[in-house]
Each structure stands twice: as structure tokens, then as C-alpha cells.
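A lone chain, given as C-alpha cells: the form predicted on its own.
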């Protein structure tokens, strides 16, 4: 059914007088993994914030499984949609375990200790993201990659239906990029979670996601299977870089690489 899932219908938004989203229609279903790509300033993060309910569209609507998101309380939204931002407060001086426990705020009573169900959800989230080994360390003393994993654990502790991530691999080395994306694939399958991630890396998007949506100037200009999107000249041209296509040697997925200007002057090669 079209009403199922997290959906934007002709959603527009502007921070000032310049539109950031222009009549965007977009949907994320449970069990889907969708990458959202585009140049800087194209509206990707704003679309994530509108879909999560943090921002309200000035025109159009956002619905969650057929219900207008404005009719769902903030507490109930947190049980349905989890957001992993690029950064938390950098001076957050709490132990890792306490930060992950914040993900249970939509379930726990403010003046009561966490229940056994809450603690089980926290342990499961920490184990899944590999942060249990440094549960007692202070969040603001962690590396950027470690902080990213803690933020994901906090989101998983919410046990939501939809997981929205803003550039989840940006602070991660290759090992942790691989671990995180493999984890998202597993969570999607095991928990039937709908995953939407803002991604700058088109190659990771092609390898791990079943759908790729490309934004430019506040509009979605392409949306489909990554291989099909990356074969379109118009979809790649918006990134403003000379790109060559190749194939992943293991999966056959379309990959893109930067083209170099091989002139002797640029490479400082003397004849």
C-alpha cells in the first residue's frame, strides 16, 4: 500500500527566503535500505530532518504508515523513527553506556530507573555496534569513529521502525565503514528496519544499498537501483567532477572513480 512507510508528499521547506526543499515526494518502506546522495547544499540533511519531524514542511505533508506525522507525539515518534546525526554535543561528558541509555527515553519513566527490558535493549544495541568494550569511557574522550558507533547504538536502543542516518561513514576508517554498513544490512534483515542514509560515497552506496536517490537544488532528480542511477550521465553530472565508471570485481556493482588530468604540467613531470 502507498500509505505504508515514511513518506514525504510534495514537501517544501525554506530556512529563510530561499527554498531548500522544493516539492519533494519520497518514500521509505520497512526493510528498505536507501542511500541519499547529492552535492553539498542540495537539501539532503534538511530532508532527513523533515522526515523525522524535527522540521515541519511549509507545504506538503509527511506521513508515517498513513498517519500525518503532526498527529504523532514527539515521544511516540521517537519509538518509530531514530535519527543518527553527524555530531552530538562534542563536550558531552557522560559515560558511553549512559549515552546509549538516552535512547530509551521514549520508553522509560523520567523518575524511575531503567527496567530490565530497557537494559536488555541497551546491552543489545551496544553489543551490535561493538561499543560494549568501552562502555565506561567518557563520550567526549572518544575518537570521531567511536562516537559515531555510540550514536548508532543510542538509536538502535530506541528499537524503532525507521533509522535515518546523516553521513554515518564520514568519520570512520575503512574497517569501521565496512563494519557499520554490514551491520546496517543485518539490522535491516533481522529487525525489518527501514534505513535511509545520507551518503557522499557513491561507491559505498552502490555496494550496500538497494536504492539510490540523488538530490540537487532541493529536488530529487533520480531515484532507483544504484547501478541504473550511476549509469546515467545526467545523474553523475550534478556532482561537478570528471568521473569514470567501472565495475566492482566481486559484485559487478557500478563504481565511479575520478578522472585525472595527466598533462605533464599538472603532474610536474619534466620531459
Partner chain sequence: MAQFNAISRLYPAQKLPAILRLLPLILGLLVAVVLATMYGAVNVPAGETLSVILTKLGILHGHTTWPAGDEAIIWSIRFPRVVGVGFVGAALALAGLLFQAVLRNPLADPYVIGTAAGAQLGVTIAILSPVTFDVLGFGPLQIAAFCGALVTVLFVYGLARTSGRTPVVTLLLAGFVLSSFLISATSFLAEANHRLDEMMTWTMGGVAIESWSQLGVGVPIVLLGAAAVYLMSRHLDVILLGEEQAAHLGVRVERLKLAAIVLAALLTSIAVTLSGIVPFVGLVVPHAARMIYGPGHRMLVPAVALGGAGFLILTDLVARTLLAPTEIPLGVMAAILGAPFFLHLLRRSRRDYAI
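Positions refer to the first chain, counted from 1. Everything quoted here is computed from the prediction, not taken from an experiment.
Beyond what is shown, the protein has a form predicted in complex with the partner chain; the following relates to that form.
Which one of these stretches, 223-231, 204-212, 22-30, 49-57, sits within 4.5 Å of the partner chain in the predicted bound form when only heavy atoms are counted? So the stretch in question is 49-57.
With heavy atoms only and a cut-off of 4.5 Å, decide whether residue 130 touches the partner chain in the predicted bound form. Looking in the predicted bound form, residue contacts with the partner chain do not include residue 130, since no heavy atom lies within 4.5 Å.
Is residue 197 near the partner chain? Define near as a heavy atom within 4.5 Å, in the predicted bound form. No, residue 197 sits far enough from the partner chain in the predicted bound form that none of its heavy atoms falls within 4.5 Å.
Indicate whether residue 140 is a 4.5 Å heavy atom neighbour of the partner chain in the predicted bound form. Result yes; residue 140 sits at the interface with the partner chain in the predicted bound form.
Answer yes if any heavy atom of residue 147 is within 4.5 Å of a heavy atom of the partner chain in the predicted bound form; otherwise answer no. No, residue 147 stays farther than 4.5 Å from the partner chain in the predicted bound form.
Give me the residue from 193, 184, 121, 83 that has a heavy atom within 4.5 Å of the partner chain in the predicted bound form. Contact with the partner chain in the predicted bound form is made by 83 alone.
Considering non-hydrogen atoms and a 4.5 Å limit, which listed residue (172, 78, 125, 72) is close to the partner chain in the predicted bound form? None of the other options qualify; the answer is 78.
Taking the partner chain in the predicted bound form, which residues of 150-169 have any heavy atom within 4.5 Å of it? Counting only heavy atoms within 4.5 Å of the partner chain in the predicted bound form, the contacting residues of 150-169 are 154, 158.
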